[in-house]
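Only one chain is shown below, in structure tokens, and it's the form predicted on its own.
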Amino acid sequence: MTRSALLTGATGGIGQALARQLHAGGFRIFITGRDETRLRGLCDELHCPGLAIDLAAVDAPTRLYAAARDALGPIDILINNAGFNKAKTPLVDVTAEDIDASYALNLRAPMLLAREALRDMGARRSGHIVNIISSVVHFRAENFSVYTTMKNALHAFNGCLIKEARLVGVKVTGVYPGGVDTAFRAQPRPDYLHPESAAAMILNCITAPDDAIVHEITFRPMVESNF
């Protein structure tokens, strides 16, 4: 049976590469991103439904999940990939607005989407929630306090979700990519992972045998030594 997947942050970087790989693998997908023009172009390319939405809005995760379910029927896989880091900012320059914006998209949105997915999947005792976190949780760096804090919180949430989801037959995977050469970074880093490589690693977790769960996976480019 063809599986369905809801993917956030699909209009660039890892998300775009993963959308293409899921489509090539025969998954029925529903994609989302904030840039309506780029989203429409990818929907046309992949012949899939999607919704341009800002997940930082309080009610956006609930509306998105409902829209995806209306389009695809039961959702088999939720991939929480959307996220952002405004800039490398010293704490003395961080504003309350910076913290709130990061919290809304990097933590609250994936938590609420996971809640919707767990309600839906748990009732069927089947499904898979994938949270794209970051290898930043494994080290500490100056000028990354806001992003690092939110990703560490998502990491802690993922561990709790693993415990709750297993009780109702739902798989949970936390993905911790290292450096990836995407527009997420101010400067190109061709020595970092290609987005397609990161997407392939995520797809491997999703397509693991039914009796196996990848709870956590960290992968990095060879040039990284922050571990």
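When you see a residue number, it is the position in the sequence shown, counting from 1. Here the structure is a predicted model, which is why all the values come from computation and not from measurement.
One more form of this protein, predicted together with a small molecule, exists but is not displayed; see below.
- Relative to the small molecule in the predicted complex, residues R38, I132 and P177 are all within 4.5 Å by at least one heavy atom.
- Among residues of the shown chain, A56 is one whose heavy atoms approach the small molecule to within 4.5 Å in the predicted complex.
- Contact annotation for H128: none of its heavy atoms lies within 4.5 Å of the small molecule in the predicted complex.
- Although the partner is absent here, A114 lies well away from the small molecule in the predicted complex, with no heavy atom inside 4.5 Å.
- Contact between T173 and the small molecule in the predicted complex is not found at the 4.5 Å heavy atom cutoff.
- With the partner omitted from this view, the residue of M121, M150, L78, A82 that lies near the small molecule in the predicted complex is A82 [heavy atom within 4.5 Å].
- You can rule out all but one of 47 to 55, 161 to 169, 65 to 73, 22 to 30: in the predicted complex, only 47 to 55 has residues with a heavy atom within 4.5 Å of the small molecule.
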